[in-house]
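Below you'll find only one chain, the form predicted on its own, shown as structure tokens.
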């Protein structure tokens, strides 16, 4: 029996001494050298008693060795659980305990803090640092550089990814080999990646974007990556002339546009810029095209499904949309109350079905039944509409929907108006409790420069553009919006911060 994920992503490159990872310091790791390292790690993991189906949880800095640990886990038939490096010990304890991880790998400098976490969950503890330091690499060095790949089937689990958990407990999305493989193959073909591509990789690898999209596509294509530890503006600019593609979050692109060195000449060798993980402002699309002559390709995915839609590689990449459903992915917009499919142009909840859709939530059958229908459609919780040309427009999360006086209000509609006003860099619209209306609209605004835009002018603009019941009852100006590591605005934090504006407690304060 084969191991489809390993065989397709890694196995066919064994012994190939073609470039795979271009390091920040100028060194290069070949495909062959990378897989020999992964084999040593796979031998070590199995020597510790880990068996196919066991979970390995990792909270480590991005490095070639960290990526090799992913490859080793696939080869050994383990279920890989990458964890955000910003998580606290308390948060990590939940993930390690809930997943039933047999092994937990952390950074060497956090051993004292996280050793009790591993012990409390009954997991073994090893360490791996960004400079190949730690117990894992010391032990792996003595093991053989080849490993008999563990047989697996396409429906076997390959990874757990935990949802952000802004409401309720974080849920462990169970992803199969076929989930990861089908998505990577589809995107490789759709975005026309080949073995000549060099991907500029500055994303974290604890997230689906950097690991299961960027890395898996490169492996399937047989290309290489400029593998940066994180986003560093100077490093991005220095390495762009030798790269052909880049995947990033909107913040990457706004920071590049803020630097005068970022020019059409600098991007002359680039054929593709992809953005995701958070919505991109239309003005960023426009400024990028004006500067470089190229259009950013925006797509839409999530933890439970990897990618669902994409703007076309060839054809109009329409700003403010996430394009069309991927080949093999069915997408519909449904009424959140009844589940009935809505006609194009109406706002509802996105539901998707396809080989990319996860198997369910780990040890949460009730949550799985709530969000994964019997016919295979996954209820994403994202609100959207499909325009007359078939492009999907995301308008927000269902949990961000504001219901004021019985009316449904979609924050994105108000944000588009505010973001288009002079002096506004970006905005976030939230609903907060109100004694008369249940909820009312508050807009949190980041000014473009040092001068704060006129509140009266902004309110006048919304008065002309949208109905009265949708207009903000209050404008709040701030230096920046709270974001997670992937650049998404954390509206739950804004709701917590400003939730008592119209209550008796807020007025008293």
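Whichever C-alpha set is largest while still superposing within 1.5 Å between the two forms counts as the rigid core. Quick caveat, the model's predicted, so the values are computed rather than measured. Positions refer to the first chain, counted from 1.
Quick note: we don't show the form predicted in complex with a small molecule, though the next part is all about it.
**Q** Give a yes or no for residue 208: in the predicted complex, does one of its heavy atoms lie within 4.5 Å of a heavy atom belonging to the small molecule?
**A** So residue 208 counts as contacting the small molecule.
**Q** Is residue 203 close to the small molecule in the predicted complex, meaning a heavy atom pair under 4.5 Å apart or at it?
**A** Within the cut-off, so yes.
**Q** In the predicted complex, does residue 473 have a heavy atom within 4.5 Å of the small molecule?
**A** Within the cut-off, so yes.
**Q** May I ask you to check whether residue 293 falls inside a 4.5 Å heavy atom distance of the small molecule in the predicted complex?
**A** No.
**Q** Heavy atoms within 4.5 Å of the small molecule in the predicted complex: which stretch among 182 to 190, 130 to 138, 419 to 427, 297 to 305?
**A** Result of the contact check: 297 to 305.
**Q** Please tell me which of 170, 282, 145, 251 lies within 4.5 Å of the small molecule in the predicted complex, judged by heavy atoms.
**A** Flagged contact: 251.
**Q** Out of 405, 116, 433, 328, which one falls within 4.5 Å of the small molecule in the predicted complex, going by heavy atoms?
**A** Selected option: 405.
**Q** Indicate whether the candidate residues 10, 43 and 262 are all in contact with the small molecule in the predicted complex, with contact defined as any heavy atom within 4.5 Å.
**A** Checked in the predicted complex: no contact with the small molecule for any of the three.
**Q** Align on the rigid core first; then say whether the Cα of residue 336 has moved by at least 2 Å between this form and the one not shown.
**A** No, the C-alpha position differs by under 2 Å between this form and the one not shown.
**Q** Once both forms sit on the same rigid core, is the C-alpha displacement of residue 402 at or above 2 Å between this form and the one not shown?
**A** Superposed on the core, residue 402 moves its C-alpha 2 Å or more between this form and the one not shown.
**Q** Which way does the C-alpha gap of residue 406 and residue 380 go in the predicted complex, closer or farther, given it changes by 3 angstroms or more?
**A** Those two alpha carbons end up closer in the predicted complex.
**Q** Closer or farther: the CA pair residue 401/residue 274 in the predicted complex, versus this form, with a change of 3 Å or more?
**A** Between the C-alphas of residue 274 and residue 401, the gap narrows in the predicted complex (3 Å or more compared with this form).
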